[in-house]
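Shown here is one chain on its own, the form predicted on its own, set out as C-alpha cells.
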C-alpha cells in the first residue's frame, strides 16, 4: 500500500514575505491544513480571495482519523471541485446493521429515496481526503488563483487589532511576522490559536475510551456499517466495523475509562482483541492505532473580532455519528461566502454574527445528538443499561422499538430554523426545503443534477414560474435557474408540494433563503438584503 501520509506534499520553502521590511498584509490567512482549513482556503480561492494556509506539518495526516463523509459534505466538495475523485476512491455505503450479543437486531437504510447524485456516506481515510484537497489547491494555483500552503511553519503568537491580526510565524529559517485582514483558525481540537486568545470550550467530557485499530486485511464483510452492543469478543462494551479503501478496515473497541493507555496500545494487546473478534487464523497488518476520549463541547462564540474559528477548533463531538469533519465542512460552507461579501464591501461585518448564530445552532444540534448516542452506547447507571438492553431485545421483533436504538445517529445537514437571514416561507411547499434548509438535489435532463447548477452564488430557482434572468440589489446579483416539474417527480415532490409553481432564493451555500409560489420583485429584493445581512 502507498503510505501517502509519509510523503511531504507541501514542504517548507522560504517566502518573499520573510524578507520584507514590514509585515506583509494578506486578506485572509488560514491556520491549519486539515480538511476544514483546506476547504476554507479552496472556497476563498474560488471566490477570488487571495489566501495563505499556514501549517506546522508538511504532509497529510497520519492514520485514517476521520473516515465517514456524509452526503451533504460530499455535495459541498463537489462545489469545491474535489468531490468526484473522493467518491471514486471511497467506499460507498447506505446500510447500517446493529448487533446485540451475537444477534442482528436492526438494520437501516440511510438513503432509501432515489434521485440523488451522491450516496448517504463514503468511507475514505483522512490522508486520502487531504491529498485530494491538496491536489485541488495545485489545480487552482495552475489556474492563476492566489492560494498558497506554507508547510513547516508554526504560528507562535497572534495580536488581534480592530482591523487586522498580526501573527508571528516560526520556520526553519527563523521567525517572521505577517498580517491578515481576517484569520481563520482551523488548527484542531487543541487549537493553539484559541489558547493564545485565552478562549475555551464549554460542555462535557465523557468518562470512556475507545481503541481505534486500522488493519489491512482480506475480509468478506459487506460494505456496511456494523455496530455491536455487548459482543462476545468485547463483553460489557461495544465495537464498530467500517470498510475503507485499499483493503483497510477500521475497528473501534470500547475499552472503558480506568485504563493504562500505553498498555492498551501495545501490539500484543491490540492483537489479542482483533483475534478475539476476527478469529485466530486472521492475517493482517496493523496500519495505525490510537485511543480517543469522548468530548462534546464548543466555544461560546465562533469568532472574536477578526479571528474566526471553524471545525474542531470551534467545537468537538464524539465520533459516533460522523459529525466531526462533516460539521467542519459545513462551517466553512457557511462562512466563506459571508466573508467574501464583507471583503467586497457588499455586506456589513455584522454578517459574521450570523455565522455564530447558524453554526452554533448546528454545533448544539450535533452535540445533543452525539451526547444522546454516547449515553445509549455507554450507560452511566444500571437502570440505563437495563433500558438500553430491553430496547435492543425488542427491536429485533418490533418496529416501534427501532427508532430508540442509538448506535450513533448519523450526520445529517443542519437546517437553520429561526436564522435572521431567513425570508418569507410558502407553507404549501414541502417542509424539507423550507427557509434555512439545504437545497435538496434532484435529477434534471440529460444526466444533470440540480445542485451542480447552484455554484456558490445567489440564485433564483424558478419552477414553472416566470422570473427575470437576474436581479441585483446593493451590488448582489441573483441569477435565475428556470426549470419545469413536468415529468420530474423528484423536483415536484421536493420543491413544489401542493403548489403549482415555486420561486426560491438560494444562498451561495445552497441553503434556501426564502420561497414564494410566484415571483414578487419587491419581496425578492428585500429577501436578498436580508440574506446578505443588510436588514
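Positions refer to the first chain, counted from 1. Keep in mind the model is a prediction, meaning the values are calculated, not measured.
Only in words, not in the display: the form predicted together with a small molecule, which the text now covers.
Proximity to the small molecule in the predicted complex, defined as a heavy atom within 4.5 Å, holds among 488, 479, 46, 57 only for 57.
For the residues 257, 452, 398, 292, the 4.5 Å heavy atom test against the small molecule in the predicted complex is passed only by 292. In plain terms, the part of the chain that comes close to the small molecule in the predicted complex, with a heavy atom within 4.5 Å, is 181-189 out of 429-437, 181-189, 110-118, 342-350.
The small molecule is not drawn, but in the predicted complex it has no heavy atom within 4.5 Å of residue 42. None of the heavy atoms of residue 407 is located within 4.5 Å of the small molecule in the predicted complex. Although the partner is absent from this view, residue 312 contacts the small molecule in the predicted complex, with a non-hydrogen atom inside 4.5 angstroms. With a 4.5 Å cutoff on heavy atoms, residue 34 counts as touching the small molecule in the predicted complex.
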